[in-house]
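Okay, so here's just one chain, in structure tokens, the form predicted alone.
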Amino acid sequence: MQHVIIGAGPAGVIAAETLRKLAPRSDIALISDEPEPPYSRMAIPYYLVDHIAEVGTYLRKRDHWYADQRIELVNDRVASIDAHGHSLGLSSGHSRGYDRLLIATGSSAIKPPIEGVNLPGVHNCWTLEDARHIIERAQPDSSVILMGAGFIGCIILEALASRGVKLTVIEMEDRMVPRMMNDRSGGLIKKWCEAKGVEVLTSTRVNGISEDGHGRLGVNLGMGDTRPADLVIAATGVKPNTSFLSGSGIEVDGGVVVDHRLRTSAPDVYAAGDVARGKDFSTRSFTVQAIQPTAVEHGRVAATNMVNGLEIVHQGCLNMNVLDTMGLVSSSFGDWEGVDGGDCAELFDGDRYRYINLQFEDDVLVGANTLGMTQHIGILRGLIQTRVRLGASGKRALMANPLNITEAYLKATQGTTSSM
């Protein structure tokens, strides 16, 4: 059996490992268009501050690990897929056949459509190659402008500040991490960063970037405000890598469309990770979740279903994020924005940078936001993911004080809840 995986991120590597365990006699090929061994993008901030070398970002650090596992690493780009003929066209001009194929091509960072965004000195922070350029320019006392204060931007924010640069963060929305935190918590993260010496401009748009001919950049914010910069980093979002699927017959709708077993519309072709529209645990709808825990889970499920005689249904991944922004830990789980007709419990302590927001559907906890609190993160995730009924007393305890999480958990799991 010829198993081919396109993409060497967490989804692809976990899938390859799973296939090797479940199908020890099969041939497995892992195709990547980056020259480095498979690595974790989430480790790049640690590389930026010299906490690890490049090898520290590698997903599997032992020399010859892939060869020892009989996983063939192929450095090439897939240009096309012939789903009917079960073959791939590669940019090198070669072709490759498959019996089962996994599309795990992940996503790519995007740059906003503004003038000057492709000038030298304007970079994403998504690949190791990006990181090398950033290290070269982000020297102590240099001026750095970070466009975007979403999840990706906030991951690299601390690494940039730790390099001793003069950092300005520019975010179009009215708060930081707007797709993860609400107004109150996102506002507290901004206040925290400013107290650490980082300038944060929310509700602000970059209109264009210019260059003075000597490598110095100018970032135009409008109204006569142009900020000088030695480096501009665009952390303004990502998009699934699906362009090579044009003409393949594989259905794409914002991401590769998959079913409950992560099968695509083409026979013997599966998809996993950032590129796939997988099932969301909370909403039960199919959507792209560009987060590493989802990629890992997708890789395991898809690989299992690629093996003859094995088949499991994907129950859906919980949309969850945990973020450390200059020492302030924030988290979001599930339907953190709430559901129609649901109740909400909130506790806010701005002076101590502490916040918690719980969202309910009847007596079930369906979503949560926390800031500056880490002791209850595991219980919150468990309550949301198991959809355990809290009962009247458990919910009442949380509505009175959202920090009564352990009490509510014990009431729910030890059978002491009363019905609503």
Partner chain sequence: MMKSLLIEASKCTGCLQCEMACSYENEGVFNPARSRIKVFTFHSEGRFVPYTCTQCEDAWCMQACPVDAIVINAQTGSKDVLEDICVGCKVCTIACPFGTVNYNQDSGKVIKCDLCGGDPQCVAACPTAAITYVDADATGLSRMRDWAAKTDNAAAPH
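All of these numbers come straight from a predicted model, not from anything done at the bench. Residue numbers count along the first chain shown, from 1. Take the two forms, superpose them, and find the largest set of C-alpha atoms that agree within 1.5 Å; that set is the rigid core.
Missing here is the form predicted in complex with its partner chain; even so, the following discussion is about that form.
Q: Given that the partner is absent here, state which listed stretch (81-89, 112-120, 298-306, 197-205) has heavy atoms within 4.5 Å of its partner chain in the model of the complex.
A: This holds for exactly one stretch, 298-306.
Q: Quick one: in the model of the complex, does every one of Gly327, Ile379 and Thr406 get a heavy atom within 4.5 Å of its partner chain?
A: Yes, each of Gly327, Ile379 and Thr406 comes within 4.5 Å of its partner chain in the model of the complex.
Q: If you check Gly342, Pro293, Pro228, Gly350 against its partner chain in the model of the complex, which one has a heavy atom within 4.5 Å?
A: Only one listed residue qualifies here, and that residue is Pro293.
Q: Just to confirm, with a 4.5 Å cut-off on non-hydrogen atoms, which of Ile28, Val364, Ala43, Leu48 contacts its partner chain in the model of the complex?
A: Going through each option in turn, the one that passes is Ala43.
Q: Classify Phe360 as contacting or not contacting its partner chain in the model of the complex by the rule of any non-hydrogen atom within 4.5 angstroms, answering yes or no.
A: No, no contact at 4.5 Å.
Q: Is Asn321 one of the residues lying within 4.5 Å of its partner chain in the model of the complex, judged by heavy atom distances?
A: It does: once its partner chain is placed as it appears in the model of the complex, Asn321 has a heavy atom within 4.5 Å of it.
Q: Heavy atom to heavy atom, is Gly316 within 4.5 Å of its partner chain in the model of the complex?
A: Contact check for Gly316: yes, within 4.5 Å of its partner chain in the model of the complex.
Q: Given that the partner is absent here, does Phe333 sit within 4.5 Å of its partner chain in the model of the complex, heavy atoms only?
A: Because a heavy atom of Phe333 falls inside 4.5 Å of its partner chain in the model of the complex, the answer is yes.
Q: Could you pull out the residues of 11-35 that have any heavy atom within 4.5 Å of its partner chain in the model of the complex?
A: Only Ile14 sits within 4.5 Å of the partner.
Q: Using a superposition on the rigid core, decide whether the Cα position of Ile405 changes by 2 angstroms or more between this form and the one not shown.
A: Shift at Ile405: 2 Å or more after core fit.
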